[in-house]
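First, one chain by itself in structure tokens, the form predicted on its own.
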Amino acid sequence: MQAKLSVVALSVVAAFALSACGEKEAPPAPVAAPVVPAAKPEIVVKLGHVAPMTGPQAHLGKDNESAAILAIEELNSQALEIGGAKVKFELLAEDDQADPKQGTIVAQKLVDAKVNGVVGHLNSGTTIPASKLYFDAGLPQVSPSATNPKYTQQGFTTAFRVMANDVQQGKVLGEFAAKQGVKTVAIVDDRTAYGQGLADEFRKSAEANGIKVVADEYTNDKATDFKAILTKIKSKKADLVFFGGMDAQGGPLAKQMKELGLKAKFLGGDGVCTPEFMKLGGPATEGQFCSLPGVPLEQLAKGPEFKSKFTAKFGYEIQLYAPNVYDAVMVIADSMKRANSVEPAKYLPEIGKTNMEGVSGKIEFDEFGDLKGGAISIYKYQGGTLAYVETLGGSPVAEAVAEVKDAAQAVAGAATAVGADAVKSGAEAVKTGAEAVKGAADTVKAAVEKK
């Protein structure tokens, strides 16, 4: 009996043990996966760029395109977010060959590609007809170098430029010629919208400053032989030959002036203010003058750094409009950021409100899309380089600052003049100078508030 109970007990224990061994532990509660935020969408912003990449102005077109590439790369390195999306800028570059007809063809190509904005064109002759297509498509267009006034006088709300126009430049060039003692001038232009436009504005200013125009001649932007024109000019004995056009014609023209024995000086606008002009004109360019809208890069806060970056990346010196192209790209990007949208219709109104310090200087637009201020700098071809002479024109603020400087110099001069026998009169002079400084400073303040 006891044996049976033991067997039964063992069976019960075994059954209980088997039951316990077969019972599995409850699995641990699943750990919630970390919440990963949805990846932000990425959008491609296409910016069109147009300049002559073939033909006699190809060196200027390459210069412009390089600056646009530099600006695009810098924007992409910033990992910008606009409208809740990551933005990648892409450049769509086109060659208009400095030809108005080709300019409209590539403009339509960019419209069809649905670009978000356009930087260009280089020449006024291509910029003006293309601007109608961009306006009809509602595409913002910022030209870095088209200076003919007509561009912004068509009533197109899409048209802007980051450079002084021909009215501003022609006026300064006429005044400068008069300051040099010029009494008679022969005018030559290449019949393009830029060349003829600048020549017309120079003529107005020259005549207003008492200079007599003794010859009016014209050529075209493909010519290389100017001896017939210059022979006629030589007989007029002009003090100065003013050329409205680009360096591809200006250089040979200056060279042929020397070859024919013309004693007249040469003066031109931004189209000939280039290293290429000196290369083509050779020794004949020495001592001649040209102008560039704006202030020398070396005198601007961001100028030296930009010049260094550009040269390091591309391996050649800036030709002409590169700083303005870079700024044009940045104006568009800045407007997109402020509008928080890359859609042309949404960021276009912000372009007109631009207030930024660019590589080329202060950038603000008037109601027509023209750059406010419009300072013009004069350069002299000297020893194979462009030597800075002076800056004329500009904004009321700049003029007022100049007044402060002049007044301060008057104070310093008066203080120096004070001696033992002239303390009283010297003190009065200092007082007068100090009042002049205060008055000029008030002018600066008023100009700033007005702007």
Partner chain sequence: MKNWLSPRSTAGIALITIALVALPFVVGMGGQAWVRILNFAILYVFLALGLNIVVGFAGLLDLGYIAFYAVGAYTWALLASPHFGLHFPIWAILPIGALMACVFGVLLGSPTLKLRGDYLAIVTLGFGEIVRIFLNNLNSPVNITNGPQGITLIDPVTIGSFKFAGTSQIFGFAVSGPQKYYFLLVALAILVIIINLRLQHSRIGRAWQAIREDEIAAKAVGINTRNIKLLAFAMGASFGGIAGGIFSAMQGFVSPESFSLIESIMVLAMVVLGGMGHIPGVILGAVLLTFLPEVLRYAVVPVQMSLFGKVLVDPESLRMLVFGLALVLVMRFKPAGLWPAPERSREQTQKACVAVTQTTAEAVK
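This structure is a prediction, so every number in the text was calculated from the model and none was measured. Numbering follows the first chain given and starts at 1.
Note that the form predicted together with the partner chain isn't included here; everything after this is about it.
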Picking from 380, 338, 191, 309, the single residue whose non-hydrogen atoms come within 4.5 angstroms of the partner chain in the predicted complex is 191
Work out which of 264, 375, 300, 133 lies within 4.5 Å of the partner chain in the predicted complex, going by heavy atoms.
133
Name the stretch: of 76-84, 353-361, 93-101, 300-308, exactly one has residues whose heavy atoms fall within 4.5 Å of the partner chain in the predicted complex.
93-101
Each of 55, 150 and 197 within 4.5 Å of the partner chain in the predicted complex, by any heavy atom, yes or no?
yes
Test of understanding: in the predicted complex, would residue 367 fall inside 4.5 Å of the partner chain by heavy atoms?
no
Considering only heavy atoms, tell me if residue 125 and the partner chain come within 4.5 Å of each other in the predicted complex.
yes
Taking heavy atoms only, is residue 157 within 4.5 angstroms of the partner chain in the predicted complex?
no
Could you tell me if residue 180 has a non-hydrogen atom within 4.5 Å of the partner chain in the predicted complex?
no
